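Below you'll find only one chain, the form predicted alone, shown as structure tokens.
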């Protein structure tokens, strides 16, 4: 049987934000959504991406001289469409200004890292979380990784935007101890405007998981002026109640921690200058869900 490989852009150990207890979170590359508030722009593309830290660049030109396909010109401008991720420029860079987001890993390689903290999982009720991007963009790898974790008695969680073929969820449902399911906007047109896709398949998959007994927590990013209105949050709460389960809701207030990543990837930051909401507003948002009888936390 061929070895299962995946594109991973980060493995975060000792995470406490991606499910219960202390966890190791494996971040997979590739996402079908283009949320304008995305804090991990490096997660969107399925292939590795060259990162340039301009503050570290000394302008020596070695990257230009070694690039075999002319993806970097004499002015050190990068043609990202041409770059084939050969990493010659990264090896030649004396200041460490260049690196890559994303590399090919085997299930064995990733699971070896997961196993390093198995003692912490046992003591804290933690485990493995697979996130992204959207992990269901790489279902074979994710399924194999979850199988390894289950076989070792490690609790598993899957952080998903829900935008995938329902058949992929059928494959991983028996292997997933907890689904962290994102709901961003209920109105389909607004969802398309701000994420690039319709939300019909997302809502369908949320209903399918709830109907089939999946352990779920609903995660909602609070983006000022986009999805934090009483109208949207009330509609979201009604949808969750309609799933027929008492599901817990996690509210994730907006932050701009990923803004610098956009610069390093030569991408414009869509929400530049937007202010973070205050505690009072976040509390009012939480109270909307509580008024529908839902347990809700602000993270």
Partner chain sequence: MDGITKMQENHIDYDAVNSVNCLTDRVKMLIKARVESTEHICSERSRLATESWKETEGENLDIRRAKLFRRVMEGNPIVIREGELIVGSQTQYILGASPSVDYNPAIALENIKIEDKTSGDSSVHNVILTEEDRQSLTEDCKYWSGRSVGDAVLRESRERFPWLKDWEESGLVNAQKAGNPPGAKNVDYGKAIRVGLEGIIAEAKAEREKLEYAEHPAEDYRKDNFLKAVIIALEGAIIYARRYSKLAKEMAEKERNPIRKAELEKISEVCWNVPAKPARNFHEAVQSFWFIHLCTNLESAFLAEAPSRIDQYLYPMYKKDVIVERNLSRQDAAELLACVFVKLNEMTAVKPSYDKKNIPGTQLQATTICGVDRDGRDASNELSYMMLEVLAQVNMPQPPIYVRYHAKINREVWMKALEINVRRGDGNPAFMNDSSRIQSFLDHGIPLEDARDWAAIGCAGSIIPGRATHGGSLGINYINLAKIFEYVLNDGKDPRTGKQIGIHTGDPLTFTSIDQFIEAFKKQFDYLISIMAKMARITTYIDVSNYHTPFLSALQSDCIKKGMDARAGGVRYPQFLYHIADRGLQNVADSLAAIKKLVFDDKKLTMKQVLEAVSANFEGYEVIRHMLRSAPKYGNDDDYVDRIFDDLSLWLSRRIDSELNPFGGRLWAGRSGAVAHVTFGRVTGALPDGHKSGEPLADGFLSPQQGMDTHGPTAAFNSASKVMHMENSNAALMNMKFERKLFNNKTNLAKLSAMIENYFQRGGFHIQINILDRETLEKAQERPWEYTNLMVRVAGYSAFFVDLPRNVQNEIMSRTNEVI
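Positions refer to the first chain, counted from 1. Take the two forms, superpose them, and find the largest set of C-alpha atoms that agree within 1.5 Å; that set is the rigid core. In this text the structure is predicted, and so the values were computed from the model without any measurement.
We do not show the form predicted in complex with its partner chain, though everything after this point is about it.
Within this chain, residue 95 lines the site of its partner chain in the predicted bound form, having a heavy atom no more than 4.5 Å away.
Taking the partner from the other structure, its partner chain in the predicted bound form has no heavy atom within 4.5 Å of any heavy atom of residue 100. The shortest heavy atom separation between residue 16 and its partner chain in the predicted bound form is within 4.5 Å. In the predicted bound form, no heavy atom of residue 208 sits within 4.5 Å of its partner chain. Heavy atoms of every residue among 21, 58 and 116 are located within 4.5 Å of its partner chain in the predicted bound form. With the partner left out here, its partner chain still marks one of 157-165, 117-125, 218-226, 180-188 in the predicted bound form; by a 4.5 Å heavy atom cut-off that stretch is 117-125.
Checking 212, 75, 104, 91 against its partner chain in the predicted bound form, a heavy atom within 4.5 Å turns up for just one residue: 91.
A displacement of 2 angstroms or greater separates the C-alpha positions of residue 53 between the shown form and the other one, with the rigid core held in common. Superposed on the core, the two forms barely differ at residue 124: its CA moves less than 2 Å between the shown form and the other one.
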